[in-house]
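Single chain ahead, written as structure tokens, the form predicted on its own.
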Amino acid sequence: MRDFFLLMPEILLATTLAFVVASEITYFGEQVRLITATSVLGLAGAFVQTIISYKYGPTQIFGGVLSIDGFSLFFKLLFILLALFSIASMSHTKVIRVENRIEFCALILAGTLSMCLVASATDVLLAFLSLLFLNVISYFLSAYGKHSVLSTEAAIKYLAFGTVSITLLLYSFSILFALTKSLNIYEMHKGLISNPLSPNVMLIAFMLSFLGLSFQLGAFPMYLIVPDVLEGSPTPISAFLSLGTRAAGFAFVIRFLIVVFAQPSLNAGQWQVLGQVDWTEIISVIAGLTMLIGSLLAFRQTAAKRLVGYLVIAQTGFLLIGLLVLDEVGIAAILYNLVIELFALMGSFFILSVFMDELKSDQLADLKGMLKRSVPECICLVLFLLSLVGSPPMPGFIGKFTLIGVAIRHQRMALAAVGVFSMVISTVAVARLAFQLMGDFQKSTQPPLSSNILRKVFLAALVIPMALVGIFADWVFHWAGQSLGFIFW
């Protein structure tokens, strides 16, 4: 019974999803529909239940298939907040039509449920099925704008890359199962300790698993799909996909790599590589390439959504720094940056959605002079993007500074230099967008955007918490550090 109680957030999400689907099946022309309210109440209940679960301490349930600990609870809160913001933004855009909002809510709830299962999974079969379910939901979401050629193209590319990545992941899990006779990552670790693998086999198992998971992260070499999906998807969905799938990927990558391919170090709060293959060097190269490619290509973009898409790729490279150093501070910095991204990406895509409803375009040339027509939205957009790329004195700078500091402390000087260079180029890319928003300082002949108090309230609900995360960064880092007690060796 206790196991079911600890799984209550997922049960509430599944129940809410069932209500939404049943209401669509039984719909018979009723005038009043409470789908949005039902979805929000279900998510709010799951959020509260997740907070309550903190008092029970770390434990494994259902025979070790799921781990309920601070790490999984952190990500559950992140995913539920993302879903709440996504559903709340739905009513502020013309892209999601009123008659299609039920499908949108159902897909968001299903995606959130799968992400929560990924965050808690300690059985690779459950993790594989949860990631597969998440990818299928993402295919539907990216194709939501069915009348758009870009949306259809994004869904097909997403499906193609997703099929390749999930196949690579299945191969790696099969190798590890054949060698350790277990699907549980902690049992896998014990098996690799008692029967060490040869360097070649260990390298193959790691490369297959990381290449498969790099699709979820948007890292090199699977980064190609990210800008296409974020550009082709309806803008509110781009906000959900830009963080949701990546955060779920990081949740599993951190737990999987540290448990299976690492072991405790003599230094408290650190780990060391398990076996003779130093896979951190491989991730170091991938992180550097991801940062460089993302920032340099963001600088060249002429469309705002693709620009943000490449900035997201660059941020993935930054987050990989926190993983490869095998340090609690580095991983806590990953969690801190994901919290910043929650507000920054949701706010950026929300404002771009408002602009696209007005202009029918996200080209930088078409956004020229928008500052004269919509001052609060333009200022908030620049603040969100500057925080995303880590420009001082924005809250995101603290997370990036911590990651670079950890890299320097672990003698990763070249990677730290690449990180600083990437931050500079990304900031210049954001400055290009800001310059276009300012225009030529001539009086605008276009009318200002219609004032909407609910839109301003929604923006305040993103800007204020993001600022508070920066002000109380010590507390957030402490909370993130406490969330790392997920090792049960």
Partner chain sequence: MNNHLISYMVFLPFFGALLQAFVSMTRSRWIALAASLAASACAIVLVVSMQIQTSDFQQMESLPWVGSYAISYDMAIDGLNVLMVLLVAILFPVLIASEWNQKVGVRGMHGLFLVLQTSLFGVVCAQDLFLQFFFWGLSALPFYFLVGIWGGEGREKAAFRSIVAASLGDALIFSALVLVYYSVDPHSFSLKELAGGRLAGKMFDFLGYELPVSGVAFILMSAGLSLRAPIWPFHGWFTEVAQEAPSSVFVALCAGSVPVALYIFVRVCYLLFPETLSIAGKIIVAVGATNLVMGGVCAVAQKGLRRLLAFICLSEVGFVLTGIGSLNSVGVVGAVYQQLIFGLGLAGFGLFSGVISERTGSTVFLAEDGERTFGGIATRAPWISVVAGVVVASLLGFPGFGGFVGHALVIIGSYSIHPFTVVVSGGALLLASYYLFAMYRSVFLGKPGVGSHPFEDLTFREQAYMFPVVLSLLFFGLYPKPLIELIRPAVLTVLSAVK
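For clarity, every value in this text was computed on a predicted model and none was experimentally measured. Residue numbers count along the first chain shown, from 1.
FYI, the form predicted together with the partner chain isn't displayed, but the following is about it.
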Considering the partner chain in the predicted bound form, find the one stretch among 149 to 157, 105 to 113, 195 to 203, 388 to 396 with heavy atoms no farther than 4.5 Å from it.
388 to 396
Taking the partner chain as it sits in the predicted bound form, is Phe477 near enough to touch it, meaning that at least one heavy atom pair lies within 4.5 angstroms?
yes
Is the gap between Thr427 and the partner chain in the predicted bound form 4.5 Å or less for some heavy atom pair?
yes
Wondering, does Ala22 line up within 4.5 Å of the partner chain in the predicted bound form on heavy atoms?
no
Can you tell me if Gln301 lies within 4.5 angstroms of the partner chain in the predicted bound form, counting non-hydrogen atoms only?
no
Name the single residue among Phe133, Phe401, Tyr171, Tyr139 that comes within 4.5 Å of the partner chain in the predicted bound form, judging by heavy atoms.
Phe401
Please tell me which of Val406, Leu274, Leu352, Val259 lies within 4.5 Å of the partner chain in the predicted bound form, judged by heavy atoms.
Val406
Check for me: heavy atom within 4.5 Å of the partner chain in the predicted bound form, for each of Ala414, Asp440 and Gly470, yes or no.
yes
